[in-house]
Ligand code: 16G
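Have a look below at one chain only, the form predicted on its own, in structure tokens format.
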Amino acid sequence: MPPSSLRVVYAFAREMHPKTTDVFIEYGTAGFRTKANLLEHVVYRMGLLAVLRSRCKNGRTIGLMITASHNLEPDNGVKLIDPDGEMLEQSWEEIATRLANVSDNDLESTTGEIIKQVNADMALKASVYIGMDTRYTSPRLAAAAVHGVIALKGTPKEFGIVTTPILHFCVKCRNDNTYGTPTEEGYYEKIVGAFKNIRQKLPVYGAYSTTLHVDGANGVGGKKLNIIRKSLDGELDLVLFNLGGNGGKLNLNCGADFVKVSQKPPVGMELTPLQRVASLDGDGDRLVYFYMDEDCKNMHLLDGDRIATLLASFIMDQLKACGARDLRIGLVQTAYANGASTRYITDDLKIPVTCVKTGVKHLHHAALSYDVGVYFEANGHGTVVYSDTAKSVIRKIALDGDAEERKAAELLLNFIDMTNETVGDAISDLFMVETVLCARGHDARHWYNTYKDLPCRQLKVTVEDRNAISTADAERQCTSPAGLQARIDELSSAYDSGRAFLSSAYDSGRAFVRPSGTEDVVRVYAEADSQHSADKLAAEVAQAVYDMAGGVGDRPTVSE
């Protein structure tokens, strides 16, 4: 592209999407995320970058999603999706951060430098799929993205309001036509169609009930489930709440993140004793379950750890049933995984566990090293990925195995089709969970009683600079500021680990800290043998972060 053509980039920016703030913004674990009024110039520039990424990938389609996921409504964000439906390649995150923060005056020259750096063939066609969540700021930001794509002569296609996983799915399908049809309807046809195929062959028995209450977080996931439920033909009775009406605010006191972190049920729902409830997050990529006890006073949480163990154990059973015992199944977690879940996976299920840094891109990459990789963050973000070898082996058994082997293999093939392998997907995960519970005749209590969680607590601390916190060993060790890890170790040693029921080799409680990749805070996690001890340890570690890493504002408390 001649230099004169790049002047269009500068003209668009200056006249329509100028940089009006000096606030530095960084591409984190889920892209850029901050207050929506700081993002318009960033999203425009990500439209530029998406075009360059497409051309570096020989014109394959790139995705651009406008969302702040589980954050509250005043925030928004943007992230890029690579051709296989995966997160943006990590080496491009620094390029994205650089492009987002240069001045308008330097935008033209910086864009030219990046073109040379990534060796983009500007003669190639470029395709960018654009989606957005339900935030009132999303349409304006989506328009900025379109302008960025057009400025570098790329071709944008707008999908309107979709869940983040639907856009990931469509990008994958556009670049791999064997995966599915790159439309929202194509997503329903594959994911929901596979669920119905399985459920029509599974009898409803035991304690399982086809009624499922769903907290939609007043976001897009609930709206899409409202569309889907009309086609379920009675296989699953979805009772939906928090769909955005009646003044409900996105993610405010509802949704997967609220339920997981606060360990409280969402507002806006009718709570029924022992009723199975699923909570989605604002853009539909996280899922947790819970149920209330007999008097509706205590909530029992079934988070990403529980979903991972449920799915992994079921898939392992089916692999054994169809005779595919040589396929390697593994489970990927982060430091946030409850210690009891890790013990159950390794000691009871006999499945290998890999621990990686927080962020679904890290889990996804690690899961690809297995024939069947199950990955979930404790917050409910995760999925299952299958190697080409695994799919080939299972297909062959479905054709050539004996009657029982064929039956198990055919179920697995439908289970694979039900899975959104590109990214964590609350809707796909919900259907997988419901399939397993139905197949086993289990209710939420059966699921919950598989193992006993260690009491835990999460807090967050506002600091002057979250990047003052550095970590190692999959974020389980704090390397800076100096002395903070020693203080965490000292505090943890005063608490029991719960080894009496965990059979742990460790005597002390467990705590770690890490800078958030989505908010301007430092996150604190603690486990101990009682809820009181976990709460106290979390508060003490949070106080240490506040004192040693430049805390600002109110001092941390357990109620945060």
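Worth saying up front: this structure is predicted, and the values here are computed from it rather than measured. For every residue, the number given is its place in the sequence shown, counted from 1.
Separately, the form predicted in complex with the named molecule exists; it is not shown, and the next lines address it.
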Exactly one of E434, D82, E377, E421 comes within 4.5 Å of the named molecule in the predicted bound form through a heavy atom, and that residue is E377
Among R55, H41, R33, R510, just one has a heavy atom within 4.5 Å of the named molecule in the predicted bound form, namely R33
Requested in this report: For the three residues K172, H364 and G373, verify that every one has a non-hydrogen atom within 4.5 Å of the named molecule in the predicted bound form; reply yes or no.
Outcome: no
Per contact check vs the named molecule in the predicted bound form (non-hydrogen atom within 4.5 angstroms), the hit among 379-387, 152-160, 239-247, 137-145 is 379-387
G59 near the named molecule in the predicted bound form, any heavy atom under 4.5 Å? no
S516: heavy atom within 4.5 Å of the named molecule in the predicted bound form?
yes
Given that the partner is absent here, does T29 sit within 4.5 Å of the named molecule in the predicted bound form, heavy atoms only? yes
The named molecule contact at G359 in the predicted bound form, heavy atom, 4.5 Å: yes
